[in-house]
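A single chain, nothing else alongside it, follows as structure tokens in the form predicted alone.
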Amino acid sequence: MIKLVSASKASLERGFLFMAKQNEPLVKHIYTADPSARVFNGKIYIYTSHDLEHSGEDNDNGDQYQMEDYHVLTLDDIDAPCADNGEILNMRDVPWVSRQMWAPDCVEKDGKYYLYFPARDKDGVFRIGVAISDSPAGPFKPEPDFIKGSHSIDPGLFIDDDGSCYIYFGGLWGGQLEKWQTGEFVANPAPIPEDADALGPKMARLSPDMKSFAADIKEIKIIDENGNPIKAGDEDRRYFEDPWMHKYNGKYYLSYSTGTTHYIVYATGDSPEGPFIYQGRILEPVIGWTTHHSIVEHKGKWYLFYHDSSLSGGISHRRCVKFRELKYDADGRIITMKPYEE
């Protein structure tokens, strides 16, 4: 169990403090999802979407995910109390948003913190916006419009050793990725044949001001060990949503969710632009439909942050954020984890 610990009045006014424990919800007073874990100034910050209780329709379009704001959880250390620092951005403060603020991410550059987030615009099309703060704990002030040319969901940021910043994004079904195959939004595209190449996540390099794309959007290619593209019907390996990039021992690791089969898997490459060779599973299925993750290093150890629906008893749109230590073998392969085993 997670134990509520004593805290100052000021801390409790902003949120709650719980003792962090592997494989247990980091907080239990609200439903949190889509964790993007970052380390700033030696401290772990976990940017989450915020699931709301409702009785709306549950469907493949994702209408059940009616999130309206973001929270940031903080850990001074991996076994320290976890604090909810409260709301850092709400859809009412973003002029272009109509609904559904889904999975966010945050990076730092030159002392400023940039929160990237997807949401539906006034036409119901998913776009990606950015909000800025002087503090990693927020609050964040949004730019008045979404990033020009952006679409779909799940922005994941990666800053390479040379300082270049890349944004990865895209999700099938409710995330609308298949609606952008022509470069323009098509409301009702033809189904993708199972023997066709699977759609990959999109990526772009960000401009120095972090508010726009510095180059054209590219599609990331994910291939098998023989160099053949993963096919759309290969639901155990094909990309669905939730792209995350990290670097380990000089290799680029692209991890993502397979959606329908509920795995977190990964592929590796020699460039942040790919191609990436499929390697295997990171996490077996969790309770609940969605599975969403991030990977971060802290004090020489690596951690997987993810969510499931255990706190709500399996309700797909009432999720909770958890973490596990992530380990590599001698060849740099990530050791597969079962979410409910130590």
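Just so we're clear, the structure is a prediction, and the values are computed from it rather than from any experiment. In case it trips you up, residue 1 is the first one in the sequence shown, and so on.
The same protein also exists as the form predicted together with a small molecule; that form is not shown, yet it is the one meant from here on.
Across the options 289 to 297, 38 to 46, 53 to 61, 271 to 279, residues that bring heavy atoms within 4.5 Å of the small molecule in the model of the complex belong to 289 to 297. This chain is drawn without the small molecule; in the model of the complex, the residue among 244, 102, 116, 113 with a heavy atom within 4.5 Å of it is 102.
Contact with the small molecule in the model of the complex, judged by any heavy atom within 4.5 Å, is made by just one of 203, 222, 153, 254: 153. Using a 4.5 angstroms threshold between heavy atoms, residue 305 stays clear of the small molecule in the model of the complex. Although the partner is absent here, residue 26 lies well away from the small molecule in the model of the complex, with no heavy atom inside 4.5 Å. Although the partner is absent here, residue 283 lies well away from the small molecule in the model of the complex, with no heavy atom inside 4.5 Å. Interface membership of residue 31, defined by any non-hydrogen atom within 4.5 Å of the small molecule in the model of the complex, is ruled out.
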